[in-house]
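Before any questions on how it binds or moves, here is one chain, the form predicted alone, in structure tokens.
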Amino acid sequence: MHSNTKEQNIYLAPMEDVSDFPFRQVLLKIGKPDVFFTEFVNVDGFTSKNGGSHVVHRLEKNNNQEPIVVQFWGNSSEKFIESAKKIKGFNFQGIDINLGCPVKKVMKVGCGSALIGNYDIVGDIVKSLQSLSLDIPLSVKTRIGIEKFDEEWITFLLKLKLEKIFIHGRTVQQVFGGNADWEAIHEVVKLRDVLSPSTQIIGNGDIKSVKQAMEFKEKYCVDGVMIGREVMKNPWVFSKKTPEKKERIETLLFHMEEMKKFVEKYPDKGWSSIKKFYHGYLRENEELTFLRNELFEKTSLEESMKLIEER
């Protein structure tokens, strides 16, 4: 019988300018997942001549944010090996390979979802990393297929004997439209039971609450569930609570303070990604909506913080 790890049921999905260090600090304060992910880390950038100085902020973490998995993207096994060796002292609890990002600029360079069905390159990357005898789990995050559920692709991944496969229930063609196909995710579980019983399957797609996550975990027999875009609409998704106005404003201000410190340390990061969260923090009544609209007009973090503090 396949074992479940009780402590690792709910995962925060890796998302560009979302699952960064400042926001993870927020989640530690208001309600956190069982496992964090970093943002996407490009192996070419991380291993570049400048030492990856322009991407190193994506690897920032602290002990309170553990367990945390680093997600790498690229298509060169040599760069993956170099990156894996480079993070040995970072104390991550897992390495994940991005085989699911449908963003055009990523796919254009033959990475992310463009690697679905590219058996030679993916096999080379995975086997190269496995040959390092890593002390931490190796996983991949992918989609159910390019245009439809691709049993051959899933079978190929399962035969690689990965510790975990994170499966988004959408095709590449769907991007983020339509509905996630959890029946297809269940098919992945059934294939797993036959081909690689030790591989954990983590489902992803359209999860809007911890309650729903646990219901889907049982219904579709996955080992865990990943929550992604919902966290921008509702930063409290992991806490199972609905915050009042005061907490919403105080939490946004805390997020801004964390972002300010982070940008001072890593100027390449930039502060404006915090705007992705304005809707999630500032809603529920007209006053918060008005404040949100005012904040979108501000051109600096300092101005934005001042506006909130003067309320």
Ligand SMILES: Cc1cc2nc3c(=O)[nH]c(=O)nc-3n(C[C@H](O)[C@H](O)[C@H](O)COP(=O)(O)O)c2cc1C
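So that there is no doubt, residue numbering starts at 1 and follows the sequence shown. A quick note: this is a predicted structure, and the numbers were derived from the prediction, not measured.
Unshown form predicted in complex with the ligand; subsequent notes refer to it.
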Quiz prompt | residue 141 within 4.5 Å of the ligand in the predicted bound form, heavy atoms | solution = yes
Quiz item: Even though the ligand is not shown here, does residue 176 get within 4.5 Å of it in the predicted bound form, heavy atoms only?
Solution: yes
Quiz item: Do residue 46 and the ligand come within 4.5 Å of each other in the predicted bound form, heavy atoms counted?
Solution: no
Exercise. Report yes if any heavy atom of residue 163 sits within 4.5 Å of a heavy atom of the ligand in the predicted bound form; otherwise report no.
Key: no
Practice problem: Work out which of the listed stretches, 235 to 243, 78 to 86, 166 to 174, 213 to 221, brings a heavy atom within 4.5 angstroms of the ligand in the predicted bound form. | Solution: 166 to 174
Quiz item: Looking at the ligand in the predicted bound form, is some heavy atom of each of 13, 204 and 207 within 4.5 Å of it?
Solution: yes
Quiz item: Which residue among 301, 18, 288, 295 has a heavy atom within 4.5 angstroms of the ligand in the predicted bound form?
Solution: 18
Practice problem: Counting non-hydrogen atoms within 4.5 angstroms of the ligand in the predicted bound form, say which of 125, 111, 188, 227 makes the cut. | Solution: 227
Quiz item: Can you name the residues of 65 to 104 that have a non-hydrogen atom within 4.5 angstroms of the ligand in the predicted bound form?
Solution: 71, 98
